[in-house]
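Following this are structure 1 and structure 2, which are two forms of one protein chain, each written alone as structure tokens.
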Structure 1
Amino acid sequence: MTDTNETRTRILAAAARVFAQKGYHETRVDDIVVESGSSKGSVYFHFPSKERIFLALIDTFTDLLETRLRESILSEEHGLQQIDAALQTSLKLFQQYRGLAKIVLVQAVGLGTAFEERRRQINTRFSAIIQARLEQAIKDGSIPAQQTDLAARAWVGALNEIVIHWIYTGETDLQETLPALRSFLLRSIGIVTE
């Protein structure tokens, strides 16, 4: 018995590459078969459908991101450092998994009713994390009172767009945008650094 889980993982990795490059609808299950060096029977032994493969990739990545985010926030005491840590963690992860990032941020959008809901939830989930932090910051007086839900969503949108642009252009290193992005985001909620 060749290790089941290894084949499964190989299929997922192959799927990630193909989905990232071609998008959901232009990806043929046979593309994944070829890319993974397995067979159709094998793919359908490990996954019930093409859709589930796609969802598995999305869930894995978003769960990982959320976990890392929460960890990095917990690892810092002060609000400002928490934000720094969270931002750094996000960029690092996007940079490390560029393919998965593209799948989650680009390829999972506009897929119609089935995926629409899920996609919204993801953004809401991350907005909520940020919003909670902002509420906290207002309460302890680090930033002025403001509409935290709007600010949180705007942050998510801004970050997404920056990452997507990096995904396409691949310009240098995503981490290098951190200082400018950091200043931008902090200013946006009323923290003037220098």
Structure 2
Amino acid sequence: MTDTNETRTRILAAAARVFAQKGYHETRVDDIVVESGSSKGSVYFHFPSKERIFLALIDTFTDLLETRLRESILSEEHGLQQIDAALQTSLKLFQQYRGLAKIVLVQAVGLGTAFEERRRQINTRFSAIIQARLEQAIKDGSIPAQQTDLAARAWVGALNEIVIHWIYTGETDLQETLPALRSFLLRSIGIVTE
């Protein structure tokens, strides 16, 4: 990794900590400068505004989540197994990166058109991944035929709500929700579990 990439990564890591602690509105670029141990010029070289730093964090987390989901899906052969793997991977990643999850799912809400458009794009990306897995599950006979686009969006919404509740309350290990969440989501597509 070049020095420029290392600096950018250090700035993003510092920004994630500051945003997670202070929130978007209370964070100043100077806070990120201090936390990252960088100069103000270096921060502005990589990110011309606080908004761009925030969007870069959203993109970083989203790309990481998508990469891990695709890897977990490729490790399984059938659609329903792929769905299970993706759900487990999602919860593990949200648990591991709670601060980034908070930034993406909580702090980005209501920050204006640029952020809302980014959130819509992210939800569309993940709905498409789920929809493809549901369509594969229909093809291999694991689930009955259904409107996969609607089911995928409902799943994204349900997962968002579970994670957001966990972020706000911190009341339980996110992994502990997996059996009940899995059962609920599978029932929504016509699979009854014990």
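Being a predicted model, the structure only gives us computed values, none of them experimental. For numbering, take structure 1's sequence and count from 1. So that the term is clear: the rigid core is the largest set of C-alpha atoms that superpose within 1.5 Å between two forms.
Here the chain appears twice, and structure 1 is the form predicted together with another copy of the chain. Core-superposed comparison between the two structures: CA of His165 displaced by less than 2 Å. Relative to the superposed core, Ala152 shifts its CA atom by less than 2 Å between the two structures.
Taking 2 Å as the criterion, Ala20 counts as shifted between the two structures: its C-alpha moves by at least this amount when the rigid core is aligned. Its Cα shifted by 4.2 Å between the two structures, Val34 is reported here after superposition on the rigid core. Core superposition places the C-alpha of Ile11 3.1 Å apart between the two structures.
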